[in-house]
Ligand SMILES: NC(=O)c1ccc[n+]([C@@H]2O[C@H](COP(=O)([O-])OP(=O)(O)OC[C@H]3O[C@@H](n4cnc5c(N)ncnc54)[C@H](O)[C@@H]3O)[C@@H](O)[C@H]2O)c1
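Just one chain is shown here, as C-alpha cells, and it is the form predicted alone.
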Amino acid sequence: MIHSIDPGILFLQEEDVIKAGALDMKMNLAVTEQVYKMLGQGQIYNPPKVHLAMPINSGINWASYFNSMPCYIGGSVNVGGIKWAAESKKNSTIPGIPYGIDITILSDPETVLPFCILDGTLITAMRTSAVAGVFAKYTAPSNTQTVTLVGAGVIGRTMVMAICEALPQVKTIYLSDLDLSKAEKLAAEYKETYPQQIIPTADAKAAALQSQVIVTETTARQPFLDQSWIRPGVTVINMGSNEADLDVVMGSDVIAVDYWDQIITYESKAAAQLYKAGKLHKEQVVEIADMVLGKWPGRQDDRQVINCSSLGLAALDIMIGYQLFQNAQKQGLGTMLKLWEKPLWE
C-alpha cells in the first residue's frame, strides 16, 4: 500500500461494504486461497484470537463474547489490522440487531496510522463460508453431487453461495434446520439464483446419509453428529464448535484444520480437545495452506472419510477488508473521518 502521514480514515458502513463487493463469493473464495497460500509461505503473522466470554468464567456457556483478532499481512500487501468480533445470544431475540457484530480496522504498518474502519459483519459471514468452500474444493469426493448443509442461519445463507461456487458439479443441496421454516424461506430465496436444487429438510441425518459432503454451521452447545451419520467417502466440514463427536474426528482417514496453531487454543473445538488429551498432534493433520500450496496430495480414493474444522483467521478479514477498501476508493464510497487536525503531543 502507499504509506502516508495523513490521519484521515475512510469509514465504510455496511451499505458501502456491499457496494464495494462484499457479497461477491467468487472474490471471497479467491482471496481466501491467497491468504492461506501466504500463510503457508510465512508472509502472514496471525496470533491466536483472544476470546472474552461473558459472564466471567462462563466458558462455552457464554451469553455474549468479544474476540480480539489482530494480524499483519506482509509481502506485496503490507497491511496491519484487527477485527473486533462479537456475538450475543440476546440479539437473536431483538429485531433489527444481528446475532454477530464485527468491526474491522486497517492500519499502515510503517506509521501505524489507521486508514480504514469498516463494518466487518458481512465479511465474517462471507469468509467463514469461503473457508468451507476451499475445504470442499480440495477434499470432496470426485463423484460429489449431493451436499447437506446443517443450519439455515446467516452462515447457512452464505454457505449455499460458497458450495455452489466451489462445487459447481453439485446437483442437490439439502438445507436443514431445527426450524424448518427458516430452511424453506432460504431455499425459496435461492431458487432462481443457482442451478442446484435446494431442498429444505428438518431431518439432517437422513439428508447427510445421502450426501458426499456434510457441512455443519450451527450454534450447538453439545455434539450432535456421531458415527451413525458417517458413511465411506464422505467429507465432513464442521464450521461451528461442539458439533461432531470426538470419535468422529479421530475415526476419520484425514483430519484437516484451517490453522493448527490457533485452533488448538479454542477449547470448544474438537481438535483442541484431542490435542489437550494427547490424542492429536500437528503431524497428524492437514492444514489448508498445505492444500493450496500443493503439499498435500489430495484424496487417495473416494472411500476416504475426511473431517475438516475451522476457527477463522483475522488475516481473512483484513485481506478481504483491504480489497473492499481499494474497491471503495475507486468507486468514491465511504465517509472520511480524521483522528485529529493537529496532534496535541508528538
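Quick caveat: nothing in here was measured; it's all calculated off a predicted structure. Residue positions are given as counts along the sequence shown, with the first one as 1.
The form predicted together with this ligand is left out here; the points below concern that form.
Proximity of Gly312 to this ligand in the predicted complex: non-hydrogen atoms within 4.5 Å are present.
Residue contact with this ligand in the predicted complex: Gly81 places no heavy atom within 4.5 Å of it. Taking the partner from the other structure, this ligand in the predicted complex has no heavy atom within 4.5 Å of any heavy atom of Tyr194.
Taking non-hydrogen atoms only, Thr128 approaches this ligand to within 4.5 angstroms in the predicted complex. Partner proximity in the predicted complex, defined as non-hydrogen atoms within 4.5 angstroms of this ligand, places exactly one of 170-178, 73-81, 205-213, 248-256 at the interface: 170-178. Of the residues Gly153, Pro200, Pro114, Pro141, just one reaches this ligand in the predicted complex with a heavy atom at 4.5 Å or closer; this is Gly153. Note on contacts: among Thr235, Thr148, Thr124, Thr104, the single residue with a heavy atom within 4.5 Å of this ligand in the predicted complex is Thr124. Contacts of stretch 196-227 with this ligand in the predicted complex, defined by any heavy atom lying within 4.5 Å, are made by Glu217, Thr218, Thr219, Ala220, Phe224, listed in sequence order.
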